[in-house]
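Take a look at this one chain, the form predicted alone, written out in structure tokens.
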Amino acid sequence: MTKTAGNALIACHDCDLLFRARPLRNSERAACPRCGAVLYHKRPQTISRALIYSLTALIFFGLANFFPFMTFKMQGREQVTFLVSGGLELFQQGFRGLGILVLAVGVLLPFLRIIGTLYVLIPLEFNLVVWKAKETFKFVEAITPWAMMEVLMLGVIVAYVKLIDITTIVLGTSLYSFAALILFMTLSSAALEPIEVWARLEQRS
């Protein structure tokens, strides 16, 4: 969904048809008149629920970055890795572009997404709007497709399956926290309706 012209018009994410948004009642949903795609819902307490999920995600983000991710044990040697270890190792091995990309999509962008969402939603929960709230939420929407923690987790699972037969791998607190982080960020995205956020920002600007 794309915000245009002061949130008066929205674009279908499937066929790009522009039409004027209208307020919905609880449990109603708006569908594209051309292709039938669901565009947005009206859910009770959507901002409150998204805020709770985002705060929980921030807690798990801290745990995921503070505790060990995996510990490898082989022939008497032990190596402890952290969430950022993969990206840093790629950077040190000369794959700087790839290392920066891994750190960005797995750590930096998810963090900015959480912080940006909280920066906008916490004041809205108290019917306030902070400085540059619109620009911040627009930035959050822009980086959301790039915060691909699921891809990083998939890579971890593939590596675990390949290495488990040749070394002992101890899964750390960080890995479980990272999985919980993905879950709660997904719940936050599912709970939040951007069109409602934009409408409330416009009302209080």
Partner chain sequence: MKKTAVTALSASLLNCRTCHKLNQAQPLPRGCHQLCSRCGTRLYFRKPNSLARSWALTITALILYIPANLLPVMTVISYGRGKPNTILSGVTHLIAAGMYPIALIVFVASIIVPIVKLIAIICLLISVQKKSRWHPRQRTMLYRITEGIGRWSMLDIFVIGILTALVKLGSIATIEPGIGAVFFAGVVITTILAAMSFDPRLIWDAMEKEQ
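Numbering follows the first chain given and starts at 1. Because the structure is predicted, anything quoted here is derived from the model rather than measured. Only the largest set of C-alpha atoms that superpose within 1.5 Å between the two forms is called the rigid core.
Although it is not shown, the form predicted together with the partner chain is what the next lines describe.
- Residue contact check for Pro145: one or more of its heavy atoms lie within 4.5 Å of the partner chain in the predicted bound form.
- Contact annotation: Gln93 falls within 4.5 Å of the partner chain in the predicted bound form, judged by heavy atom distances.
- Under a 4.5 angstroms non-hydrogen atom cutoff, the partner chain in the predicted bound form has Leu163 among its neighbouring residues.
- By the criterion of a heavy atom within 4.5 Å, Arg34 is counted among the residues contacting the partner chain in the predicted bound form.
- Of the residues Leu98, Leu118, Leu112, Val129, just one reaches the partner chain in the predicted bound form with a heavy atom at 4.5 Å or closer; this is Leu98.
- If you take 185-200 and check each residue for a heavy atom within 4.5 Å of the partner chain in the predicted bound form, you get Ile195, Trp198, Ala199, in sequence order.
- Once the rigid core is used as the reference frame, the Cα position of Leu17 differs between this form and the one not shown by 2 Å or more.
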